[in-house]
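This document opens with one chain alone, in structure tokens, the form predicted alone.
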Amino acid sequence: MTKSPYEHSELYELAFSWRDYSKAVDFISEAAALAGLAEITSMVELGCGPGQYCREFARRGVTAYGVDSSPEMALYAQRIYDDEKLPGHILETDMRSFRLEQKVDLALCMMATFSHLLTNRDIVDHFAAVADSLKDDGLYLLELPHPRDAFDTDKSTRDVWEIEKDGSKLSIDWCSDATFDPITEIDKGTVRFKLEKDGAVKSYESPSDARRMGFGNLRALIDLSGRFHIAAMYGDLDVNIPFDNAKKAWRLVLVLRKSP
């Protein structure tokens, strides 16, 4: 049996079931409308994992694609698409070099998945692939950790949490052991899941690297790519919460517009 949580898509989905995905998609739609995209007819979720966002958009009649490099995640999400006969499909491919069969109105990268782009070249290549997948004036919405988290000052999120459902308890440790390399700006840690079900305990773990990057560096890479400019910023999945240093601003949500 594999011991990596990334290869157990149903557990990965359970680990993040604390989020209300319908409400999140309501926010994304509202933020897109405020940035000038009044109607979303097509979209793509990048690093989609189980595909919670693209599935929710598809259930609303949007042609929705998902991109993930994990065969297990892509297969899991595609099975749900097939079962529910959802418009769109899942692609098992790299989000630095993916190509879609048609251009879309909106791209998403949620839950700090962008942090797994570890080098400047990875990020610039990713921006190019995303821009090439968007229609003219298309939007790219990114959800990232708040920049203060990069400096270990009053962190906005927890590394350890638990989810209980249907008699099962899943304990998640998301890289609480991470060590930071200030030269590469990369955190190296371990993702650990412990599942307690029917009196049995199973453990899963996998190394996980993530880029810890300040806002100035990110903004410079957006400019360097030449493919996007910032249309709006929010501090949560809520258009009424601005991006600032207030406690309630616990995320950096960027709305990027494709450049001409």
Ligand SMILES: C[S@@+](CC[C@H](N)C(=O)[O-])C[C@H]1O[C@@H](n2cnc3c(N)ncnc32)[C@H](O)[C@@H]1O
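As the structure is a computational prediction, the values presented were derived from the model and not from experiment. Throughout, we count residues from 1 along the sequence that is shown.
Keep in mind that the form predicted in complex with the named molecule is missing from the display, and what follows is about it.
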The named molecule: the contacting residue among R96, K188, K135, R148 in the model of the complex [heavy atom, 4.5 Å]: R96
Would S42 count as touching the named molecule in the model of the complex under a 4.5 Å heavy atom rule? no
Partner proximity in the model of the complex: H89 to the named molecule, non-hydrogen atom cutoff 4.5 Å: no
Any of the heavy atoms of G235 lying within 4.5 Å of the named molecule in the model of the complex? no
Does the named molecule get within 4.5 angstroms of any non-hydrogen atom of A64 in the model of the complex? no
Checking a candidate spot here: are M73, M110 and T113 all in contact with the named molecule in the model of the complex (at least one heavy atom each within 4.5 Å)? yes
One stretch from 25-33, 49-57, 225-233, 199-207 that, in the model of the complex, holds residues within 4.5 Å of the named molecule by heavy atom: 49-57
